[in-house]
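The form predicted on its own is given below as one chain in structure tokens.
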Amino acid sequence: MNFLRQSLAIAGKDLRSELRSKETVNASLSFALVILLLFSFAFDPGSEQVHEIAGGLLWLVFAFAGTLILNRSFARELVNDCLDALISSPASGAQLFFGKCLANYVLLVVVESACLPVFVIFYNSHWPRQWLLLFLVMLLGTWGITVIGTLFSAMTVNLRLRELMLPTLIYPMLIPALMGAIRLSTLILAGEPIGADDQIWFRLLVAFDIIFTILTLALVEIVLVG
């Protein structure tokens, strides 16, 4: 309980800070909407081709916009040596990291939830009948992006080119999770049922989230303290 209480305190601090400035959410949401708009010009929204790659387009936008939020996770703590104060606080590295993950996760889900109806409008899609299932896929895929992105955000926080290094590091590791999320989202947006052969992608997403959550919590102390 103490672990969760400390983590929630750190997550609450980050969310209150973002609520006051709205800097990261506004930048990420604006970027996502611009990408959706540009893609709508690049493809014919009513074509069968767009329906076949709908999941890929959607998760490409989520992945690109998410890096803006993840990159600011630890970078905002550099001012006035706040990061050093957090590391030396009674909270452990795992508690600090998990709190950051929770805050990033909430912000990512908010941005993605705002992008989803815009995607449906821009690409002449029908609102999926299995929208709860699509939301579940979004939650599972987003957690995978969050835990890996938050860890690498901590690793690159002191680099001068962290805005460039972060996406370069996290995208290759996210390939399994993105493959599963893209396949399931494409089926759901097309109104097709999830067959027995495709249910393995759900298991992949769950396994990916569990494995990398455990790994990042185990490694974060080394990353933060060295």
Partner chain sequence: MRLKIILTLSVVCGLILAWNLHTMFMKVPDEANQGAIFRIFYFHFPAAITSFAGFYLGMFAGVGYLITKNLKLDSIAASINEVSLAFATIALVTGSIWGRVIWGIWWTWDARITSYFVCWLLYVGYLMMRRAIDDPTTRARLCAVLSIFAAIDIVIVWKSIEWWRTQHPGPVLEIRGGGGMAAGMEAPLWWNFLAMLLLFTVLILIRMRQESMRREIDSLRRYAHAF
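Because the structure is a prediction, the values reported are computed rather than measured. Numbering follows the first chain given and starts at 1.
The discussion below concerns the form predicted in complex with the partner chain, not included here.
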property	result
4.5 angstroms heavy atom contact with the partner chain in the predicted complex for residue 62	no
Contact test in the predicted complex: residue 4 vs the partner chain, heavy atoms, 4.5 Å	no
is_contact(residue 168, the partner chain) in the predicted complex, heavy atom dist at most 4.5 Å	yes
4.5 angstroms heavy atom contact with the partner chain in the predicted complex for residue 191	no
In the predicted complex, segment of 195-203, 27-35, 62-70, 49-57 with a heavy atom within 4.5 Å of the partner chain	195-203
Residues 106, 129 and 139 all lining the partner chain in the predicted complex, heavy atom within 4.5 Å	no
Partner contacts in the predicted complex for 169-187 (non-hydrogen atom within 4.5 angstroms of the partner chain)	169, 172, 173, 175, 176, 179
